[in-house]
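Take a look at this one chain, the form predicted alone, written out in structure tokens.
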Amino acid sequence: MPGRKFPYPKSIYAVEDALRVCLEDRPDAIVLDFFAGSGTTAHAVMRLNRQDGGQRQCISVTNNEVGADEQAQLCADNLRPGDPNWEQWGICDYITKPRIKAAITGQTPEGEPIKGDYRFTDEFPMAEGFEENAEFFTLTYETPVAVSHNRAFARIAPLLWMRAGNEGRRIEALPVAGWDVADTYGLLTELDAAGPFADAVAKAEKVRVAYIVTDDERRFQAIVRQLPDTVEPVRLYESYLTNFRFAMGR
């Protein structure tokens, strides 16, 4: 990405080799990178998937801090963190996102084909890109009161989707009918609609989690008994810690 510099770039090939040691026999693994930096780990996961047809996922987490030199200049310009003209120079918006997009599309942020070829294990033009997709989310703080009263659903919707496996359609808003079933999870907000909700969940082949919004434990358990044993029931919004714990494979 011409003109975009990252102070501590890592070799994609070295990261790819390191990941291969652990993931060669795990084509459906989920890689969590809490210090994503320039996005090298996500890029390396893409290369592994291309080589063996895997469907590995990478969850990349980073802040959006600016470099020391940029920070001094931005402060001199009377800008502060949170200002759009400040945030655009942060590592996430300026480096991580554009790098991941460029790797997938094979194009620079300016829309030009990337020059050069990948090397070593799998050699092909970088401009070919990858058969991957990416979602970008901004982490916010939502008060427990707003969440428990369903006033912040749009903010937490990605968490429900991620907890269910990051696949398929995402339920973005509270369902008008009182329930909805996506590819890998269902959401019930009106307990009186538990019957059709349970029927829809039973018919769906890939549903893993059923989110049920209620503060009544007895009604929650009654609905759980209507669900298939293969579906994990989760009561919203019991607590942040239990609702959004990523316990895959439990």
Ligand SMILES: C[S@@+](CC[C@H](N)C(=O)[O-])C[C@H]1O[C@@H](n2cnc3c(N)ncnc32)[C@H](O)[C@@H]1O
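What you see is a predicted model, and the numbers here were worked out from it, not measured in a lab. Numbers follow the displayed sequence, beginning with 1.
The form predicted in complex with the named molecule exists for this protein as well; it is not shown, and the discussion that follows is about that form.
The candidate stretches are 190-198, 38-46, 221-229, 208-216, and the one lying within 4.5 Å of the named molecule in the predicted bound form by heavy atoms is 38-46. Contact annotation for D183: none of its heavy atoms lies within 4.5 Å of the named molecule in the predicted bound form. The named molecule in the predicted bound form is approached by I91, whose closest heavy atom lies within 4.5 angstroms of it.
The named molecule is not shown here, but in the predicted bound form it comes within 4.5 Å of a heavy atom of T62. The named molecule is not shown here, but in the predicted bound form it comes within 4.5 Å of a heavy atom of K10.
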